[in-house]
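Only one chain is given next, in structure tokens, and it is the form predicted on its own.
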Amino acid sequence: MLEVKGLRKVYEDTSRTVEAIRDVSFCVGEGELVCIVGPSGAGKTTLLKCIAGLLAPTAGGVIVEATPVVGPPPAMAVVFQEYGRSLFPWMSVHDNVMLPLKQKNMPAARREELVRDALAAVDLKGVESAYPWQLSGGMQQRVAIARAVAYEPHVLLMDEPFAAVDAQTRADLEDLIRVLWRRLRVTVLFVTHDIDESVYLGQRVMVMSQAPTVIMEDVAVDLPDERTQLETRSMARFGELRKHIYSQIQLAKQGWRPPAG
């Protein structure tokens, strides 16, 4: 479904050159939920923007459904961390969710059905006429998720989407993502700085090095498919995975580089 091949990104201006991503390659299969973690400044958001077609790589490339990415792919949706900036405050919840659907050539009745179903899926039925500024932070992020779901993406990218909400809301949203992922069978690439979150959500966790970035390790999360906040996080295996990924990130902070050759 998604392939990243030798991706490199260098930022250049008149005063300096910064190599943000050196060499990143990986694949995500259809219907997988894969998380990416790494130290602060590891280039996680840069990588996601390149995958989303919002930023051109310096070298290498991205392929989605066998098609090279040269701009935002039509079958992809993105949920950003800053939900307050991604929602238009002068538009109702209904109109915010409807907005990207207007680009699709489909009957108006079908668009309305998608908006209605998406809001129901994120437990926001009945707030269609409200405005984002009238909602809590968690509810605003649900609107952003509903907008992505209504678009019927094949690939969903999420860039630290729960970083700005409180712990209880975050747990609820994590469970919501797993429910939507299973129901919609969408391929999800989820970037987070939270190790526990990555282990709880993902089937795999890719650990990124410090910039210039490479993938240090692709960790298989061998936890039961059915997960709950209390039981899953209490498992010995959850703790082992968390400890291992934490140790890898500490190595990254100490300047780990791949062996020569």
Partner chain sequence: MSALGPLPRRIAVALALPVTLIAAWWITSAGSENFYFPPLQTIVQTFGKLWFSPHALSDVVPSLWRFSVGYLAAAFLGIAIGIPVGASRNLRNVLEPVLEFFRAIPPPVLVPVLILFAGIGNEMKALVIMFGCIWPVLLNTVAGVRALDEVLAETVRSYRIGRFARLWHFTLPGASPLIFTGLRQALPIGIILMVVSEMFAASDGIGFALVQYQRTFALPEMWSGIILLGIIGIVLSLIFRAIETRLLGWYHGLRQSQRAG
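Residue numbers count along the first chain shown, from 1. Worth saying up front: this structure is predicted, and the values here are computed from it rather than measured.
One more form of this protein should be noted, the form predicted together with its partner chain, which is absent from this view; the next part is about it.
Student: Only one of R233, K49, R204, H193 comes within 4.5 Å of its partner chain in the model of the complex by heavy atoms, so just point that one out.
Tutor: Only one listed residue qualifies here, and that residue is K49.
Student: So its partner chain isn't shown here. In the model of the complex, which residue out of S129, Q103, Q168, S136 has a non-hydrogen atom within 4.5 Å of it?
Tutor: It is Q103.
Student: Taking its partner chain in the model of the complex, would L180, V186 and Y200 all count as contacting it (heavy atom within 4.5 Å)?
Tutor: The answer is no: none of the three residues contacts the partner (heavy atom, 4.5 Å cut-off).
Student: Look at the stretches 121 to 129, 82 to 90, 108 to 116, 160 to 168 and give the one with heavy atoms within 4.5 Å of its partner chain in the model of the complex.
Tutor: Among the listed stretches, the partner-contacting one is 82 to 90.
Student: May I ask you to state whether A59 is within 4.5 Å of its partner chain in the model of the complex, using heavy atom distances?
Tutor: So A59 does not count as contacting its partner chain.
Student: Against its partner chain in the model of the complex, would I63 count as a contact residue? Criterion: heavy atoms within 4.5 Å.
Tutor: Contact with its partner chain, no.
Student: For G53, is any heavy atom within 4.5 Å of its partner chain in the model of the complex, or not?
Tutor: Contact with its partner chain, yes.
Student: Can R142 be called a contact residue for its partner chain in the model of the complex at 4.5 Å between heavy atoms?
Tutor: Although its partner chain is absent here, R142 would stay clear of it in the model of the complex, with no heavy atoms inside 4.5 Å.
Student: Taking its partner chain as it sits in the model of the complex, which residues of 147 to 170 have a non-hydrogen atom within 4.5 Å of it? Please list them.
Tutor: Contacts from 147 to 170: R147, A148, Y151.
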